[in-house]
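Presented below, as C-alpha cells, is a lone chain in the form predicted on its own.
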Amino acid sequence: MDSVLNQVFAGLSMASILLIVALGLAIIYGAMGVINLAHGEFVMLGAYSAWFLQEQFGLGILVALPVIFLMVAVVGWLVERGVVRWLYHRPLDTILATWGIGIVLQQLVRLGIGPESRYVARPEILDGNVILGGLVMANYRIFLIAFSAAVLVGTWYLLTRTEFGTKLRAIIQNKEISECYGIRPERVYALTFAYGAGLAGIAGALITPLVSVTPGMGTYVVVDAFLVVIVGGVGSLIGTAVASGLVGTASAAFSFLLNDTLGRVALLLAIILLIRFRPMGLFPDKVRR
C-alpha cells in the first residue's frame, strides 16, 4: 500500500506539470481554434531559459519564473504575429506551420547551445521530504501541486473576471459582433497565444529539477498534454484539471503494475476506449464556434 501511495503522489506531481502545459494548449485551441504543434518547444525554451538564468545570473527557478514566463511569452507573441495570424481558419496549414516552427526552434537550440543534456538545481528552500507513515513526499513535488493549483485559479480568474477575459469570451461567442463594439480580435489573439506559450515556459522551467534539459524534451511532455486536453474536453478548464489528474495518476499506476512500456500502451488503450464512448471528452465545451 505504501508503494501504491508513493506512486500516486509521484503521478499527481507530474500531473501538475501536465496541467500547466495543457492549460496553454486548451486556451489556445479553445479561443483561437489553433492546434499548436510547437507548444512542446515552448516547454523546452522555458527549461533552457531556467538553465541560462541559473548559469549566467545565478537565479534560482523560483526567482526566475516571472522572467521565464515573459521570455517565452514574447516568443509566442512573435510566432503568432509572424506566422499564425495569417493562417486562421486554415487548420491543416496551421498544423504544418507550427510543426515546422517547432523543428526550427529545436535546431536553433542545438546549433546555439548544443545537444548535450543540461541540469538545473532544485531550490534549496524546497529540499527535504514530508513523511507520513510510509508515504514520502518531496517538498518540491508538493510545491508543484500547490503551484499548479494556483495557476489554474489564476487562469480561471483571468478568463472570467478581467476585461481581457471578457473580450476573449466575446470573440469566442461572436467575433463579428465583438468587432462592432470596438474589440480588436488580432490583439486579443496575440495576447492569448503569448499567455499559453508563457504557461508552457513555466512548466518547462518547473520540470527541470526532475529531468535533464535537452532540445527534444518538450515533445514527450506535449504528447501527454494533448491527451489531457482530449480527455478533458477541448477548451474546458475544469476538464483539463480533472483529466491531468487522471492521466498522471493512471500513467503512474500502469507503470507500477506493469512497466513503463506496457503502462504507456495501457494508458493509450484506456484513452481510446474513452474517446469511443465520449468523443467530446469528459467536459465538452458547449460554447458556439
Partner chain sequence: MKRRSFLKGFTIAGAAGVAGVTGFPGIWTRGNSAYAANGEIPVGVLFSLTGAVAVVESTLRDACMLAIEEINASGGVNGMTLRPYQEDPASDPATFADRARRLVIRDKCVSIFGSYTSASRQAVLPVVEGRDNLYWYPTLYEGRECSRNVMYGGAVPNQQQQEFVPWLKEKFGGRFYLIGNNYVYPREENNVCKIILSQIGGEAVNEEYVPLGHSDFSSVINRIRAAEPDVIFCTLVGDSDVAFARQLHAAGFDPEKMPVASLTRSEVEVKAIGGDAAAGHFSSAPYFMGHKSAENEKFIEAYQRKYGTDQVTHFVSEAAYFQVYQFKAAVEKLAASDISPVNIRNAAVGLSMVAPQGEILIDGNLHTHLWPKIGQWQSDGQAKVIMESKQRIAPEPYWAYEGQACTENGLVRS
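Numbering follows the first chain given and starts at 1. Everything numeric here is computed off the predicted structure, so don't read it as measured data.
If you look for the form predicted together with the partner chain, you will not find it shown, but the lines that follow are about it.
Note on contacts: among 121, 125, 104, 150, the single residue with a heavy atom within 4.5 Å of the partner chain in the predicted bound form is 121. Taking a 4.5 Å heavy atom cutoff to the partner chain in the predicted bound form, the contact residue among 159, 183, 172, 211 is 211. By the criterion of a heavy atom within 4.5 Å, residue 252 is counted among the residues contacting the partner chain in the predicted bound form. Interface residue remark: residue 10 is counted as part of the site for the partner chain in the predicted bound form, having a heavy atom within 4.5 Å.
Contact annotation for residue 220: at least one heavy atom lies within 4.5 Å of the partner chain in the predicted bound form. When the partner chain is considered in the predicted bound form, residue 166 lies well away from it, no heavy atom lying within 4.5 Å. Of the candidate stretches 95-103, 186-194, 70-78, 133-141, only 133-141 contains residues with a heavy atom within 4.5 Å of the partner chain in the predicted bound form.
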